[in-house]
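Read the single chain below, which is given as structure tokens and is the form predicted alone.
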Amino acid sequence: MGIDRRTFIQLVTGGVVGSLFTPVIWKSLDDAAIWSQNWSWIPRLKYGQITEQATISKFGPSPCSLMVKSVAGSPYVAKGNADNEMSKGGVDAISAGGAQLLYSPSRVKGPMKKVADGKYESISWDDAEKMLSKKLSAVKGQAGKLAIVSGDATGTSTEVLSAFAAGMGSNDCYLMPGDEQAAAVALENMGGSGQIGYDLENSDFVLLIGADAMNSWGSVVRNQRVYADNRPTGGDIESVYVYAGPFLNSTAAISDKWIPVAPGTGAIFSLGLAYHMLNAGASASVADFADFKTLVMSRFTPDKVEKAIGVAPGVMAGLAKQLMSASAPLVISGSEFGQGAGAVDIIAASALNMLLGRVGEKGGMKLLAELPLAVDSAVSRAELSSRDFAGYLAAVATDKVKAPEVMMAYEANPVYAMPQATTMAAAIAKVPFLVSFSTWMDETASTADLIMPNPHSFERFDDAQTPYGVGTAMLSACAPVIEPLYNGKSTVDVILGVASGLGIDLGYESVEAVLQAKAEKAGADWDSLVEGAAYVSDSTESGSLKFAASVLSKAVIMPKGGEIALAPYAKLNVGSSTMAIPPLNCVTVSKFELQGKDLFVQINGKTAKKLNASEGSKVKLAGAGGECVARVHINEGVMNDVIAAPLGFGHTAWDEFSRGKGDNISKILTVGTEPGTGMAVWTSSFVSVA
């Protein structure tokens, strides 16, 4: 019997209707749904008591005070701690994902040693500590054989490391580069003591020279909160902001006025303003005032300054008048990307504050007293901050200084984050035994001979004292929010144990005891600190500053002009010198900074025409230490002959969210030596473009 069209439709319809009414299909679908819910890899909600605990995170360049919410003991969200003065309730773009970073694929899950084929083998903590002790025992008491670098400028942990270095007979304990180094060297040359701070809260006119306060200078989150408090939406504006820098960055964008000034010329800009102030009768009762005035009035006249940095005399005169007529003006200078500036930039800006009578005043520049040391044999923060790690590594690279036998990196990733990165990485490669205490498998850890992972910020005791840039001395501390997920161990506990075995008495047996002693010596209540409060001290240093005219005379050099200047910038959403791009932040990366694996740099139309470049074209940037490849984005917010380039890309380690994305601009920074102070500087980096 044949099947005609009518019969075919009847059969199909009957089949569909029959399927709908039979329970077999629906039962099978229900069973499949129940079965798939039991797959082991499917995330499951955790039920239990919701708790909230204070902590501090150190993912960015400045510590951030947080409140962490947990369910059944597992953190799931972090927010700012409004009761803590250190970050005033704000939270940075990395710390916001702190709970998720507990489970980052980049975490080092336990101690490891490098084996013959360059891979890593897990070992026990006992074996790791014996291995480290053996290497250190062989160099104890020998100067130049041990070097330590810390990326934590605010923690008492670094005090312990500096005391340990001293006990080993080493003077080579350093901090990773930052604006604090330039400030420390500047203060030393001006005859001051303590730590330079700035009372942003109480200033009614803030001039930022280079310092990108909304992205990379000082305590960024706190700066943002102060700005918001002083300029509430719809409310009265209590503070005027002016930014002088090479392109329209976040700080320039929120300021009342942006004055284009090339990278590395901040000191000339400041001294150009000083000319107009002196001309208007500004003075200061300082020993070298006459020398300073002679220097400024002869070498930084309006025509010379305009020729050097392109700022018209009328603009400079107008700004000087605004500063002198404000009730509480404040001048801050720093690098556009949080590192590499010279001490003279700080000295010149400080000179303006001195001419304005704003040193030690409410809303002005402060000389903050250091909190007492917890470990008696530790190096003071001022001395540690002034030490020059970039200069040290550059000397190792050129064999002017012999490489140490052992180098230890704590909360630091120098293989990636140092200027002229390839050269510096080669210097570190000369070290026979490199130890990383990193929580993450970063570039330094991935080349180390021994990895001894420090727990995540939420898993450990820690503290933070007086971040650079704040206006008062302060201290915060935290206890673990969660038990360690992996086999990490506090670096301080490791060092205390190893030191004891080597016969070096640091006075404590645990990290908690060290931090409690720090709080006690500072006059703070430990219990209040770990509950989220900050200890704040109004103590400042006495004594006057000098202009350091002799240093300014040697160090401030007028630019030759005609070159293409590099203006790197840092944004916390793409990480910091110790963190790569957090996985959750990938969606926040601008298409004008990264597309696929291509890095983008920004230049204006006039510069693009000069370089024969156009939107999207590929260029090769070459500096003293290497090359980078990038595509061009035309942005009229960049001044002439300047290339604005984002830091934080081009990782070769970490995870799939960061590795191989873009290029590392640090490779093409050029490290030079500042005349007059001898410190390494790299804000005046120039590039060739092909």
Partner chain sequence: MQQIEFDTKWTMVVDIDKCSGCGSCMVSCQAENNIAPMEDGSNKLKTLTWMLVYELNNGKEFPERESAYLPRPCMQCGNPACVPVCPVVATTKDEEGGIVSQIYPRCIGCRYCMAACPYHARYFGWFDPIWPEGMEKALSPKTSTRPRGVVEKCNFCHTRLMDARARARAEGMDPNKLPDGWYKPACLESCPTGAISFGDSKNPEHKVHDLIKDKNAFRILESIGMDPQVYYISRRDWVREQSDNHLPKDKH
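The model shown is predicted, which means the values in this text are computed figures rather than measured ones. Residue numbers count along the first chain shown, from 1.
The discussion below concerns the form predicted together with the partner chain, not included here.
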Please tell me whether any heavy atom belonging to Ser553 falls inside 4.5 Å of a heavy atom of the partner chain, as the geometry stands in the predicted bound form.
no
Under a 4.5 Å heavy atom criterion, is Val115 part of the interface with the partner chain in the predicted bound form?
no
At the 4.5 Å heavy atom threshold, is Asn612 in contact with the partner chain in the predicted bound form?
no
Partner contact for Arg225 in the predicted bound form: the partner chain, 4.5 angstroms, heavy atom
yes
Report yes if all three of Ala93, Gly97 and Pro232 come within 4.5 Å of the partner chain in the predicted bound form by some heavy atom, otherwise no.
yes
In terms of non-hydrogen atoms within 4.5 angstroms, which of the given stretches 118-126, 179-187, 249-257, 410-418 touches the partner chain in the predicted bound form?
249-257
Which one of Met297, Ala426, Ala287, Val71 is close to the partner chain in the predicted bound form, taking close to mean a heavy atom within 4.5 Å?
Val71
The partner chain in the predicted bound form has a heavy atom of only one listed residue within 4.5 Å, and of Ile237, Val315, Ala513, Ala138 that residue is Ile237
For the heavy atom contacts within 4.5 Å of the partner chain in the predicted bound form, list the residues of 646-666 involved, in sequence order.
Glu656, Phe657, Lys661
